[in-house]
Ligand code: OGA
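Next up: a single chain in structure tokens, the form predicted alone.
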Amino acid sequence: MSETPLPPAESELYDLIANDLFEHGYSIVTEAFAHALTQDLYRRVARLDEHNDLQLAGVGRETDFQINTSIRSDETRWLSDTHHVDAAYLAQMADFRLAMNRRLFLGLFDYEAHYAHYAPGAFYKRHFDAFKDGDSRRVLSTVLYLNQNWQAEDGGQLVIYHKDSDQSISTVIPEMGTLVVFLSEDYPHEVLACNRDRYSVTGWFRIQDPMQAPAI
């Protein structure tokens, strides 16, 4: 599936992504959101990097969490709705959540996201964002790239694989404004080592924890 330029209306963008998810399980859209928003996000994460306000990312959840730089070597920081730039993006993704629920009946309940910085040489080996026998509740993964004038020789491509083989389905250059959306349980993926600073916002739409669902 080729990358698709942004349609003229936001509802058409949501239609396009929903159709891609229904037919293929993933979607790649260039210039997905307003240029002003992506620029604000870039300045925000670059400033976090400059001030050393990012932390080395780990693997696993809760008691299984660990730092393992042989698997991943990026740095992250969770978005917070108390910062106006973070809040603007989270509001955009709240609209996105409602749009996907209306079109695909996914039952998406909430969204979490973090900034990611890959310094030169950093990578993230092949992995799933969620497992069918796991408890992460992640259904839909999103990555918004924040890198101007990225070239193939800069590395850092996102490689999406077929679930049951080593065959790659798509290789995405992390260019400013490109949005990648895919089903979290269905697509293993990796970030190739990059040769310059690489920034993005990575997030996950989740379903509600049945143990926390209100009684009826």
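Bear in mind the structure is a predicted one, so any value in this text is a computation, not a measurement. Residue numbers here begin at 1 and follow the sequence given.
The form predicted together with the named molecule is left out here; the points below concern that form.
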>> So, H114 and the named molecule: in the predicted complex, are they within 4.5 Å at any heavy atom pair?
In response: yes
> Is R72 one of the residues lying within 4.5 Å of the named molecule in the predicted complex, judged by heavy atom distances?
Replying inline: yes
> With a 4.5 Å heavy atom cut-off, would you call D86 a contact of the named molecule in the predicted complex?
Replying inline: no
>> With the partner left out here, check for me: in the predicted complex, does some heavy atom of Y14 sit within 4.5 Å of the named molecule?
In response: no
> Pick from V29, L158, L54, L183: which has a non-hydrogen atom within 4.5 Å of the named molecule in the predicted complex?
Replying inline: L158
> At 4.5 angstroms, heavy atoms only, are F123, T171 and C194 all close to the named molecule in the predicted complex?
Replying inline: no
>> Only counting heavy atoms and a 4.5 Å limit, does any residue of 15-33 reach the named molecule in the predicted complex, and if so which ones?
In response: none
